[in-house]
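One chain comes next, on its own, written out as structure tokens in the form predicted alone.
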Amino acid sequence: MSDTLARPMRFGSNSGQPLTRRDGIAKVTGAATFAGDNSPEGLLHAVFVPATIARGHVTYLDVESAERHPGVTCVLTPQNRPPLQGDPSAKPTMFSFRIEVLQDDTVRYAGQPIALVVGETLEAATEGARLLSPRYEVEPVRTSLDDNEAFGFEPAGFGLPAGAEHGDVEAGHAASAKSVDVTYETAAQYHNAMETHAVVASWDGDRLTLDMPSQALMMSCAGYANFFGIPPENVTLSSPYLGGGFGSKAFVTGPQVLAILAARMAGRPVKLMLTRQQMFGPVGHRGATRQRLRLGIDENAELTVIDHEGLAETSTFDDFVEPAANASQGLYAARALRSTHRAVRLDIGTPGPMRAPGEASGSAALECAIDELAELAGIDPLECRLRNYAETEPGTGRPYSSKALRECYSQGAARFGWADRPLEPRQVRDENGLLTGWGMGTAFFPAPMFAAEATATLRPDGTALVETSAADMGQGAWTALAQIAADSLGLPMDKLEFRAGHSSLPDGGIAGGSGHTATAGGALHAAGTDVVQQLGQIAAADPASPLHGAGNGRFVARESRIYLEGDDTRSEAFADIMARTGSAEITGSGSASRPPEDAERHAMSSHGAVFAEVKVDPELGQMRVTRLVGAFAAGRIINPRLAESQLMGGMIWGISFALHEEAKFDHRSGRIVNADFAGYHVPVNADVQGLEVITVHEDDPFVNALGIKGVGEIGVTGTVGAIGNAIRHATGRRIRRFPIRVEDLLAG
């Protein structure tokens, strides 16, 4: 174990408090400035033209008509687009895709940019784009998993494992007394954050300034610098507020590169804001999957094998594959385990990471398959999971850094009233004659940690400034990270100035993977600790200080006082030390990352259990989720209010996944026919009738110095399966496709 993790951390009075958002007033009053709100002097507006076919070539663009429009400044096409210094097919950063930036006249998916029009006003640019009137040479399209040959998946770009195998899988199949062999499908889902993608780009010589939403500011600077042949330090990116990201705002996109290129050509700032319809194509999505699960149990209903095969869509020009089968790798104690992935190339935009990538789709299928096994064995679904509870990570045998899943099962079941559930399906109707069913699912998500840096400055007046380029995409990072920073410095929150969301600040890492609080928070904690140690050494060298001579000790801070660790009788106020010694500001720096050896010693994940009640009209097939209870163990909770909000949001996303969300393709044209909020359904208030979150206490001394795991994605993972299982319990029908539709229940 590293020295950092070996030393137990002490926390002050800010962590663990349900503080309201520091940015809340700015957002509700409209004072918060999002990327699209910026309008610098001389601003031009850009609109990209999306392809209306999914495969073929652009044969004609009426550039002359567009350029004659009095408000149009320029039109970019493959014929006149200036060269980029970086290869659009290259992947210069960890989160990179091949981008479409008018390389040629080939159309690879509907919605692909085929031209960019720049105008003095948004209306002029929009009208100019309409006047281009593209014509195409159309080729047959492929938009479903059956439309092309599957190929073996090799990891690329994101380091996602292609699969894993532990134990003798064939022997596990042979040893099973009972088994299921089932196939589940999940539909394609598209990022629909409230704020669409946007950029305001300005050039000053070879220096680029960007206002744009970004989940990874410094990495984005490196990506854009690569394409324009300038040093990363020449790119300044401002992203104080994001209206949601969910993975799609962590990487460089083609439309944004085109807008930046247009700004360089025009010598004026350019703004591009994607329409809602344009979010369906060039900025990533969760790919559709087809998953075959072959599970076996012995006479005691203990798993002999989990054999999980994932088939997923990807684009014709890149390789991101939804790693759904990975959901089976770390949860249940099967004697043998195999996860494999294959992909099908389709005429779609490249999929990408979307809230709980892999685990969301994979756990939906796995949790339903586990229920099918429980039903086959004639035992309660919770009992089936407890019989297969993994005390160490399946396959590797590594101990968990912490695992309070049993407590999640117990507390969630008790709060829900699970003990009263009849074993057989279709046994309960409510007072209105609606079929009522109860289902459950296990929630699971890894606890990653990236790398980040921060600085902290203690001022003579007793206030402090802390800085990191961390991103807040609505999850409350500005508040939770400030709580960590304040505790590291021993200050109340009103004495702390917190700066984030700008690339001129220390690298705050990546806001994604449920690892942002641990990552940026760890750096802020280290920076504050550095300040405290410096201040302690100043006091230890001062004969007038109660801490004189304690230079070999370690110092901690609380309530604007510094203490010798382990001896609360020796302390002094910050202000007294600095006033007496004439100290000016004291600045400390800190960084955080997970040492590889720590990651190898333990399996690190958050766990939980979700219990769902559904009501189904037996004649109409109409479904409603009437209750959800989720119990989650995710290490140290910095802000219970924000954590509960994140977990609720994840569970609501689970409702969306299970019953609502699906991109519908016209298989003749390859276009998505419901590319708007009228046709692309997500839950509204009426769909969320009862929602309760329980956070289960969990101390984790190994996952990182703060003991934080993360809550942003785990709420999705148990909820989808719980709802599917509840519908089976209510109706007696097992639907193996998500989202579950009324017609699925009424068919046959």
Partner chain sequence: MKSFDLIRPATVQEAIAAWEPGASWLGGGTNLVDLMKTGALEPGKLIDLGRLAVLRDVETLPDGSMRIGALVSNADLADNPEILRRYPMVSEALLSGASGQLRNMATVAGNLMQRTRCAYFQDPYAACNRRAPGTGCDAREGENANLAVLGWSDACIATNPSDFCVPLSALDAVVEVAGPSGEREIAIGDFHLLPGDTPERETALQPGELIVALRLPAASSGFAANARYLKVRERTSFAFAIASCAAALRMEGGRIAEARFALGALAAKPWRVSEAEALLAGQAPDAALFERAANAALAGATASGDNAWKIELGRRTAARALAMAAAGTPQRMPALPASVFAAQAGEPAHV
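Residue numbers count along the first chain shown, from 1. Fair warning: this is a prediction, and the values are worked out from it, not measured in the lab.
Below, we refer to the form predicted together with its partner chain, which is not included among the displayed structures.
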- Let me know the one among Leu423, Ala584, Ala678, Met194 whose heavy atoms come within 4.5 Å of its partner chain in the predicted complex, would you? Ala678
- Message: So its partner chain isn't shown here. In the predicted complex, which residue out of Asn80, Gln85, Gln622, Asn300 has a non-hydrogen atom within 4.5 Å of it?
- Response: Gln622
- Query: Where, among 224-232, 456-464, 119-127, 505-513, do residues come within 4.5 Å of its partner chain in the predicted complex by heavy atom distance?
  - Reply: 119-127
- Query: So in the predicted complex, does any heavy atom of Met648 sit within 4.5 Å of its partner chain?
  - Reply: no
- Query: Does the 4.5 Å heavy atom contact test between Asp567 and its partner chain in the predicted complex come out positive?
  - Reply: no
- Message: Can you tell me if Asp206 lies within 4.5 angstroms of its partner chain in the predicted complex, counting non-hydrogen atoms only?
- Response: no
- Message: Under a 4.5 Å heavy atom criterion, is Leu691 part of the interface with its partner chain in the predicted complex?
- Response: no
